[in-house]
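Given as structure tokens, the chain that follows is alone and in the form predicted on its own.
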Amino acid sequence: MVTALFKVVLMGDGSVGKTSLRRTYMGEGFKAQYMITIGADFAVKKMSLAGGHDVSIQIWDLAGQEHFKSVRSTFYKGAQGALAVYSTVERSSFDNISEWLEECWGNAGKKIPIVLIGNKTDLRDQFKDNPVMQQTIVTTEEGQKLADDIAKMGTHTSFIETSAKTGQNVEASFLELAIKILEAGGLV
């Protein structure tokens, strides 16, 4: 069987854990220190899906800082799916997801499938009893509602919470996006 190639983008505000998700998914391990992505980073991984579909996921990890916005636009071209990432302990990153979707769909030229990812669940669990941090925490229910709202815009959408640090649902999020891309293409 021929292996399909899916170009996907990892998008979201700076420091939400996009690179950590990619590194964990690629088996490179988690690194606690934050290193800014300049422009975009790139990786490829093969996977086999149910039904005999072999796919290679070409991952474009986009820089989240505003000053890279003009550079990011070219990386969306040809993308077939996106992982829209926010931090479950940084409400502003959640609030900015709609801007990321607008940027993505505008530059991709269409509404591509989305997996909405609430990352850093390990930190949310640590901060849930801290009254100051409670104000910035994004709940599972809020994430699911946003994913439901995105789906109502006419695109294949899923919601998953992850922890790049523990590996929780990292593999599942990339697998889910591959499935959404296949569904959008009518192959499943």
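As the structure is a prediction and not an experimental result, all values here were calculated from the model. Heads up: residue numbers just count along the shown sequence, starting at 1.
Keep in mind the form predicted together with a small molecule is missing from the figure; the text below concerns it.
- Shown here without its partner, the chain carries Q80, K111 and K180, none of which come within 4.5 Å of the small molecule in the predicted complex through any heavy atom.
- The single contact residue among L123, A151, I137, V55, judged by any heavy atom lying within 4.5 Å of the small molecule in the predicted complex, is L123.
- Although the partner is absent here, E66 is a contact residue: one of its heavy atoms lies within 4.5 angstroms of the small molecule in the predicted complex.
- Although the partner is absent from this view, V16 contacts the small molecule in the predicted complex, with a non-hydrogen atom inside 4.5 angstroms.
- In the predicted complex, the small molecule sits beyond 4.5 Å of every heavy atom of T157.
- At the 4.5 Å threshold, heavy atoms of V9 stay clear of the small molecule in the predicted complex, well away from it.
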